[in-house]
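First, one chain by itself: the form predicted alone, in structure tokens.
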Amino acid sequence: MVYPKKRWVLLILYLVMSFQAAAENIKMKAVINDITKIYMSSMTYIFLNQALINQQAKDKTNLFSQKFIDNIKLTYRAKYNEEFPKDNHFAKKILLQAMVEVMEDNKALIYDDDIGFKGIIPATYAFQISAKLATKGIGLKIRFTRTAESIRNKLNSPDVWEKSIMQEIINAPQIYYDENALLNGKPAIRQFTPLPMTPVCLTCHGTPADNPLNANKNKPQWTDIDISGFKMENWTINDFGGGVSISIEKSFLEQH
């Protein structure tokens, strides 16, 4: 038999634990949101600087080390009209470190004047970030993905969770947050942020009319191969653009 006093104690304990769990969930959700927007800002910066990446004999220091991070921060502020997230979680530090390492890995390619198109576009940069994080074994996974039948790089193919989420939101895109997911068989927080199709996306994935390589050419001379060497998919501005999938093991989030 539970006496009235004990009932109050149990109720208070339950409320305290519920409050702590809710507070922790809010904290974790804030971290994963920050990571998503930092990651997306870096991809935006890569796209906006395609000319710098591919040009010959130019000062390209803005693509490396702390200057690269500083420019991502400026891009973030312009993109979201808010201050760059505080450096208050290990996951954010690891992501920024991975960004610098990926660009350093590509440094020789970026400075190679014998290669006109370097191939360092948002999609390939995003894949390299994902691969870099995978080598660190820290329980943080980031992937830029799309529906399985339309993915270009099969290494970016969605997993079972991502497939089910895209199927659920494809007709009404919205951020999907799952606080009871699994990653590597361990409890995890997962978030899928859909990306709207933009005119920028269509320069590679749209129709030949969207292809910059066809500028100032007669229609019979147009190509349906984009600048990266892939066949264009004829997508339109209204098509589902895929999204950014972020997964973090709860133990990693809680310990840092």
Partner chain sequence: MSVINTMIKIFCLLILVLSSLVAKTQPLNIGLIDYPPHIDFDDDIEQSPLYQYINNMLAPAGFTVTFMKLPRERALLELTKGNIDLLLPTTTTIDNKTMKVLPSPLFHSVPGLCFKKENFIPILSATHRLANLTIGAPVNSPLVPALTDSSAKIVLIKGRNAINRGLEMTQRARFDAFYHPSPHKVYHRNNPLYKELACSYFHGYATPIHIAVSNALPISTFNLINTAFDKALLDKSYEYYFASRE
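In this text, all values refer to a predicted model and were calculated from it rather than measured experimentally. Numbering follows the first chain given and starts at 1.
Unshown form predicted in complex with its partner chain; subsequent notes refer to it.
Contact with its partner chain in the predicted complex, defined as any heavy atom within 4.5 Å, is confined among 161-169, 116-124, 179-187, 139-147 to 116-124. Proximity of residue 222 to its partner chain in the predicted complex: non-hydrogen atoms within 4.5 Å are absent; the residue sits far from the partner. Remark: residue 112 counts among the residues lining its partner chain in the predicted complex, judged by a heavy atom distance of 4.5 Å or less. Interface residue remark: residue 196 is not counted as part of the site for its partner chain in the predicted complex, having no heavy atom within 4.5 Å. Not displayed here, its partner chain is approached by residue 228 to within 4.5 Å at the level of heavy atoms in the predicted complex. Interface residues of 78-116, taken as those with a heavy atom within 4.5 Å of its partner chain in the predicted complex (partner not displayed): 90, 93, 97, 100, 101, 104, 105, 107, 108, 109, 111, 112, 114, 115, in sequence order.
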